[in-house]
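To begin, one chain is listed below as structure tokens, in the form predicted alone.
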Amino acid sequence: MKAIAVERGDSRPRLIDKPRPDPDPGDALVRTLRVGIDGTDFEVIEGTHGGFPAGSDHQVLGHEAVGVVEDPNGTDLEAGQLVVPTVRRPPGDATEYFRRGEPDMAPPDECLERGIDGAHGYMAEYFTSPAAFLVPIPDAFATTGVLIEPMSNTEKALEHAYASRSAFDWQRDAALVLGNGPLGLLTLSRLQSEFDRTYCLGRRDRPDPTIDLIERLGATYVDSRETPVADVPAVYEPMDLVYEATGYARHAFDTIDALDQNGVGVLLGLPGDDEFDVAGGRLHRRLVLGNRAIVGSVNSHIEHFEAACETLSALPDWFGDELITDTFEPAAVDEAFEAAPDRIKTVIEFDSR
């Protein structure tokens, strides 16, 4: 079968041939329809995040997938059923986090991540997975199901952020998303129904498809070159929620300045080892005296995938079509992984429903 992988010592993904996998007991065989490309894939390719499967000279990429059950293999799934796979798997024997149904809360050394760290991904014509890690979804998601995994990360992040405000009557009116990439835009769409006013920060010039999408959602675009994060309260308004999806380390600290009294910031980006000076004492006081909070969040699990499916189902029909701007067949791997100013979300299409 065809697969897209990065090989040890290489710095670009390639189309390779691999044997079609045979499902173990408890696993189902899935025929891949589409796999999304995101920033983590580029980090894996560059070698700055994740790692190869043990004993393998390559890593099959991809963790945002939608597929069709080809062989249920005695599981409770049905042939022809549309599914999306979760990302984390136990490293051999199930750890405490997997046993209690919370693999998304495991530290990095107590889990594997398909297509990212220690396990092959889904960017292949077929993959196998334990049925317990496959989430059935409606047939309507055959083309947009690749958006469920990234949206599931937002569902978990917001769940944790809101939980930190659950001890009092939190008044939430304004939200700011840092980053106008696919995850930021997905999150922005999610927040439209929960906040009166929403903003999305980026660094792009008009005309730009992400800015068009931001404004079509009814949000305000904030150009960080004109208004840095810490200046947002003075130029626009203080924020009850700040969602960071840039991976720019300074934004973690600037978020504290952007928050209103009782506000919460949630961080999802993974920066490098950046070093810089911060006004630590002032920011510490601002957190304490303002009852503000900063929450970190990574990964998600079954209930977040299910919530993401519900959230995406409620969005306007045009949203998924405008977010997924480019679709490539596997043979066009070089073009698919190129950067282009008019792209938002790129997917690899292995098959159709």
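Start at 1 and count along the sequence shown; that's the residue number. Everything numeric in this text was worked out from a predicted model, so none of it was measured.
Below, we refer to the form predicted together with a small molecule, which is not included among the displayed structures.
When contacts are judged by a 4.5 Å heavy atom cut-off, Thr86 does not count as touching the small molecule in the predicted bound form. Mapping the unseen interface onto this chain, Leu270 counts among the residues with a heavy atom inside 4.5 Å of the small molecule in the predicted bound form. Proximity of Gly39 to the small molecule in the predicted bound form falls within the 4.5 Å heavy atom cutoff. The small molecule is not drawn, but in the predicted bound form it has a heavy atom within 4.5 Å of Tyr248. Partner contact region in the predicted bound form: 183 to 191, out of 183 to 191, 230 to 238, 77 to 85, 212 to 220, criterion any non-hydrogen atom within 4.5 Å of the small molecule. This chain is drawn without the small molecule; in the predicted bound form, the residue among Leu158, Leu201, Ala124, Leu259 with a heavy atom within 4.5 Å of it is Leu201. With the partner omitted from this view, the residue of Pro103, Gly145, Gly179, Gly263 that lies near the small molecule in the predicted bound form is Gly179 [heavy atom within 4.5 Å].
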